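First comes one chain, alone, set out as structure tokens in the form predicted on its own.
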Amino acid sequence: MSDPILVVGAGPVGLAVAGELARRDVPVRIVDTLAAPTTESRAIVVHARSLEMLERVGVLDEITESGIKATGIEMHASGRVLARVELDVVDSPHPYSVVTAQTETERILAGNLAKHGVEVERGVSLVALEQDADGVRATLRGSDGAEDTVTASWLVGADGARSAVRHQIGSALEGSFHGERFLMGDVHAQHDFDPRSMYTFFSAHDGPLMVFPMKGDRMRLIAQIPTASADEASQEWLQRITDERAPGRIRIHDSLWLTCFEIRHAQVPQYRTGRVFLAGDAAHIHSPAGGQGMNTGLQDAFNLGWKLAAAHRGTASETLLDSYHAERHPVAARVIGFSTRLTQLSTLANPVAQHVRNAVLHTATGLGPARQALADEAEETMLAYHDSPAVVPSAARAKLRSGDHLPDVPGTDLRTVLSAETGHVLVTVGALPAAAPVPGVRQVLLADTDAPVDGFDAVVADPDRRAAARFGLTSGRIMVRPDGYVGAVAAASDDRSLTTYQELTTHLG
């Protein structure tokens, strides 16, 4: 039996990676330095694309019930609403964000992992790491100081911004390490905000205040403070700032967690080093503006999990494993750029620049395309892997491109069928015969009725041909990867792109 895959770090990202492996029956160990789950709720927003992934895992309802749905973003300045972006315009079956404590997200993901028989090994730290072509040897130290060297087939470093795994492989974050400083608090408060929105208050003199209503009377508040400030975080300080920047709107009762932090923007040059992969904050860090840090890490996990499962089975090509970096590194670079621009817009000090910003935002968000683009960027529904080495450029003339996330087709059960699968799915559109069987690939037919058809594992009724219209594909086949992204689109008369995809991603030795 092969050695298990070792995941270092049991935050949301590590738990998600381990969960993706465990639900594919891959042996996995997950360790974390902390003796108990953290009580600090750092990340609180789960965006639409992450919700789509969590639905595939089977925990969407728990995540949604743990928090509240936010369907809008509001920006305020000079006592008025400067701009409002509606999130329910995004192309997703879940056109909203869920605002919930990170502690809840971790609890739910840990519970899901436990259902697969895997528990987090706590009070365990990585202190040394060696690897060769056959595996990884990791030295782990328990809370009692005892050390043990274990072997693993692969290792994932999801151990945060101060990653021990990153240090052990000789990698480092590259980017900007000095910037704006912020005071953040999770509090119970009386307020008059609509909990279905998230808010930013631009200040003429002191920087922005970001407000996130949560379940009940809980709130997340993030306020810019002077960079040179060395003051300790306090409830009194946070209350004074909210009174200045959102006068009369918030009265803090008590604090759950208060901290000061400095924004940094950086990522590692390579996400893969041999048999070691970095994910989440171990690979990239950036401003909390936009709330995309944890979401980017979760999608790292969903991208990597199925590929490592294939590697453990010996069926993943080097191209497939390398595609993790090729696909995710540009995404983090884009998120870093987006959050940096948001931070820069929020922290303008020059009155003329502030006036221009306010005027441009007010005008731009009055235009449909601009509102749509902002919503898509915030909810991460624009993410695609068109340039990935692990997708085949589309030869078929279709709206759908290889590298796109397969869109939902309302009125059909296609999403339900796909969510039940952990492997590849070949979706046939139109009256085509079943393709030759491929191990690990389920075949689904979109047809007039849901009557069984020989050669297909499932038939999804689409009497009005909504899927064909949605995909812009009269007839043909779509190879859907285990993470919901399209690996190849084949015209009815030519399946070569499917063969090419399998050759690219599968170990043929």
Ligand SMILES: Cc1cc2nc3c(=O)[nH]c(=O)nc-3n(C[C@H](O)[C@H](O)[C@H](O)COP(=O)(O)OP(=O)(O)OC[C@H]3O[C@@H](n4cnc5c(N)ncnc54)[C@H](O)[C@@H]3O)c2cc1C
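Just so you know, these numbers come straight off a predicted model, no measurement behind them. Numbers follow the displayed sequence, beginning with 1.
The next section is about a form of this same protein that is not shown, the form predicted together with the ligand.
Check: Out of 122-130, 266-274, 324-332, 193-201, where are the residues with a heavy atom within 4.5 Å of the ligand in the model of the complex?
Finding: Selected range: 122-130.
Next item on the list: Only one of V486, V13, A490, L21 comes within 4.5 Å of the ligand in the model of the complex by heavy atoms, so just point that one out.
Entry: Filtering the options by heavy-atom distance leaves V13.
Margin query: Looking at S317, Q102, S339, S388 here, can you tell me which has any non-hydrogen atom within 4.5 angstroms of the ligand in the model of the complex?
Written below: Checked against the cut-off, the match is Q102.
Notebook entry, point to check: Does the ligand come within 4.5 Å of any heavy atom of P208 in the model of the complex?
Noted result: So P208 does not count as contacting the ligand.
Notebook entry, point to check: V8 near the ligand in the model of the complex, any heavy atom under 4.5 Å?
Noted result: Looking in the model of the complex, residue contacts with the ligand include V8, since a heavy atom lies within 4.5 Å.
Checklist line | Partner proximity in the model of the complex: Q292 to the ligand, non-hydrogen atom cutoff 4.5 Å | finding: The answer is yes: Q292 has a heavy atom within 4.5 Å of the ligand.
Notebook entry, point to check: Is there a heavy atom of D32 lying 4.5 Å or less from a heavy atom of the ligand in the model of the complex?
Noted result: D32: yes, in contact with the ligand in the model of the complex.
Notebook entry, point to check: Within 146-164, which residues come within 4.5 Å of the ligand in the model of the complex, counting heavy atoms only?
Noted result: A158, D159, G160, A164, in sequence order.
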